[in-house]
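Listed next as structure tokens is one chain, alone, in the form predicted alone.
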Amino acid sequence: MTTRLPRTIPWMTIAFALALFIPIFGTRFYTSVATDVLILGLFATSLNLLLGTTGLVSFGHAAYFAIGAYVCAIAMKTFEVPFLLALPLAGLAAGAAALVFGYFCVRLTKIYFAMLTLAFAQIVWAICFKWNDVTGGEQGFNNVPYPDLAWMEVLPGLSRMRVGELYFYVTLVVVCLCLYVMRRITNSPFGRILTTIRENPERAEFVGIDVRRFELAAFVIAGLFAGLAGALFGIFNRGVFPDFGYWAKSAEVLIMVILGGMGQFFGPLVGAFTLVVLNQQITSYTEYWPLVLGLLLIVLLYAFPAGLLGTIADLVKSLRGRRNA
């Protein structure tokens, strides 16, 4: 049974309050890194709804990240759709794609499910790579505009901030709202059914649960939030490229979930933070980042199979047991 961190401490509220001061006291570099961590943390948390909650291993989750990024970027640049409309449109488009792909994927199990998700993701990548007239093809879809944030300058303390710093606050609010919704979903009766399916799908089906329908629902929800993360990332990156949907992106987010801890809701956020910071630090000293990442995963899987946050939670439980004894 997975140990969870104490719920009496409002972790999300504390983290949100601390993050508000990053653009104020931090440099532009730290603000940029924090924005990157927030977006990738949302992306990883959406995958954890499949992997950690439902027990579905997806090798193609980047497909919905890319769909959301392209839809939002094309809507804002080509059709001049406002950000407040383009963002939910991106999530809906990614959710619709997840509904279509998931309809076929959930009919298979285990490795066959994982490989089919990868196959659909490669189809999305190929379309993004070859459809030059719409996606920009190999060159990508560049010069994605920032949303109109002039209204934020009237707020106290924000009038002198750059657009990148203002966009950090937009990202922070959107990500926190998405995390709140996913938290409620995970702790709802629907989320408990997903956990039951993860633990024993045969028994869940025996007691009358439509396993395939609930797996498809989880697949669509995870795809929707991945699309929102992709939309935010495309604007932050000022461009969208086919690599957003490549298998390596799916592997990267999968590593974040495992690194932080699948059994913890905030584990993927910790994994995203750790991976982004390590990437920034190690690539500044050496070009052998993939080698370091491989060694890190080997150590993690053998020494900390529960992930970083899961290991901390287990340590807290052990210390409490000793104190009570």
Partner chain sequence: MLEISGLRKSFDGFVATSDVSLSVARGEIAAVIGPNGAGKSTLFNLITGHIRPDVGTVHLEGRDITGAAPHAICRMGMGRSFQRANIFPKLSVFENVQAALIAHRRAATDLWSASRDIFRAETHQLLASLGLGPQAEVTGGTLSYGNQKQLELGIALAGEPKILLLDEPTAGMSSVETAETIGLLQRIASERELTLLFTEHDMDVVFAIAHKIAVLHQGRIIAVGRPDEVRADPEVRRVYLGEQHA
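Everything quoted here is computed from the prediction, not taken from an experiment. Positions refer to the first chain, counted from 1.
Omitted here: the form predicted in complex with the partner chain. The next part is about that form.
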Original post:
Since exactly one of Arg160, Lys130, Arg184, Lys110 fits, which has a heavy atom within 4.5 Å of the partner chain in the model of the complex?
Top reply: Arg184
Original post:
Among Glu80, Glu138, Glu153, Glu202, which has any heavy atom within 4.5 Å of the partner chain in the model of the complex?
Top reply: Glu202
**OP:** Within 4.5 Å of the partner chain in the model of the complex, counting heavy atoms only, one of 121 to 129, 251 to 259, 194 to 202, 231 to 239 shows up; tell me which.
**Re:** 194 to 202
**OP:** Could you tell me if all three of Pro10, Ala17 and Phe21 have a heavy atom no more than 4.5 Å from the partner chain in the model of the complex?
**Re:** no
Original post:
Does at least one non-hydrogen atom of Phe190 fall within 4.5 angstroms of the partner chain in the model of the complex?
Top reply: yes
Original post:
Taking the shortest heavy atom distance, is Ile209 within 4.5 Å of the partner chain in the model of the complex?
Top reply: yes
Subject >> Contact of Phe214 with the partner chain in the model of the complex (heavy atom, 4.5 Å) >> reply: yes
Original post:
Does the partner chain come within 4.5 Å of any heavy atom of Ile221 in the model of the complex?
Top reply: yes
**OP:** Would you mind checking 258 to 292 for residues with a heavy atom within 4.5 Å of the partner chain in the model of the complex?
**Re:** none
